[in-house]
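Here we start with a single chain on its own, the form predicted on its own, put down as structure tokens.
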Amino acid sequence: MIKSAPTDYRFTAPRSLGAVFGRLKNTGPLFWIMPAGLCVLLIFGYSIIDLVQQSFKYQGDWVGFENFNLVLTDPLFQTAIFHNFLLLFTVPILATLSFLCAVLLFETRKGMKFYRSAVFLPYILPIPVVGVVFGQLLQLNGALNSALRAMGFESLALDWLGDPGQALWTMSAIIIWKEVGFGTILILARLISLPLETLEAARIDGAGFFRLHLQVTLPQLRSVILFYIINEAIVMVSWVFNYVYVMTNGQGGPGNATVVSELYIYRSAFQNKAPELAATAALLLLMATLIFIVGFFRIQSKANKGALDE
């Protein structure tokens, strides 16, 4: 009897193909986002590189840090930065009002959709429309002061946008009115997603309205509120140009009472014909914004680590 030689059949191709398909599955999302990522990199990457180069030059000649020295010692730029710093004080007010509105909407069973829409409506209005409307309402002889005088409150009829001591705070109130809707909806969405069993257990244990939401609800909303605070801080540093430009006709008046860093950049580039100084101020503003972003991620990482440790 002739014995046949033993044969060992090993099919390695399917295993190799499986590994290949596994790698493609893991890297598949990268191929989908690559076109958009390349567009963002080319557009913004080139702009940032050009911005950095221009901030170190004057009429094509390399001047080192001379532009930075001129900008940082410019009294108008210092005033603009100080105004942005003052606007940061509106951030805790926004966070507090957003939390209170979200809690009230959460506890309101009847008509919550209507109230939620009414609170969010100012946020979706275009900033130029808001600026024009409030610019007319808050004039010295505008609708608000006329109504106050008609009701006998003559002492409250102030020059809201014409008084240098009032203009910036008036603008801050308008920004709060517009931005609080975003925070309210953001916090409310997280509040609705919380497990109701925790809230019901706290109510059964005798927790009242304030104790329930301050000791039970608020800690669970920490990450959302932190995100909103960082987002609004970035808005106050680098996103209030439209308000100032529309309500002061691009002047930052009265005087320089409402000049902010963005308006300083605009005036340097287009009114004073100093694009190098504008580029330098824009680079400083970009660095400040990046500091807020990096700080947010660091704080969020520590918060998540602390939550896992608990």
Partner chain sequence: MKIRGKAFAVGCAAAVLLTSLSFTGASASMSPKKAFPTKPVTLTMWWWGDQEAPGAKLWVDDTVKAYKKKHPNVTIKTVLQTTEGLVPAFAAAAAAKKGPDLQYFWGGIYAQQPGWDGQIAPVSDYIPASELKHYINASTELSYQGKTWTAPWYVNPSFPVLARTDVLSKYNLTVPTTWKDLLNVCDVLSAQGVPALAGGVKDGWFGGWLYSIIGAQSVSSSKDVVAAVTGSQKFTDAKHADWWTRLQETQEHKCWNSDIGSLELYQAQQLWKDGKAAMTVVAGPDAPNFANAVGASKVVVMAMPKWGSGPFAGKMGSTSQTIGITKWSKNKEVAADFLMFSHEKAQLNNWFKRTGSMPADDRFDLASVKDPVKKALFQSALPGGPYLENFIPAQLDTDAVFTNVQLVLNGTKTGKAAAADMQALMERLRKTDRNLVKNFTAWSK
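Residue numbers count along the first chain shown, from 1. It should be emphasised that the depicted structure is a prediction, and the values quoted were computed from it without experimental measurement.
What comes next is about the form predicted together with its partner chain, which is not displayed.
The stretch from 84 to 92, 194 to 202, 214 to 222, 134 to 142 that comes within 4.5 Å of its partner chain in the model of the complex, counting heavy atoms only, is 134 to 142. At the 4.5 Å threshold, heavy atoms of T96 stay clear of its partner chain in the model of the complex, well away from it. Under a 4.5 angstroms non-hydrogen atom cutoff, its partner chain in the model of the complex has L76 among its neighbouring residues.
Using a 4.5 Å cutoff between non-hydrogen atoms, E154 does not count as a contact of its partner chain in the model of the complex. Looking at 167 to 202, no residue comes within 4.5 Å of its partner chain in the model of the complex, counting any heavy atom.
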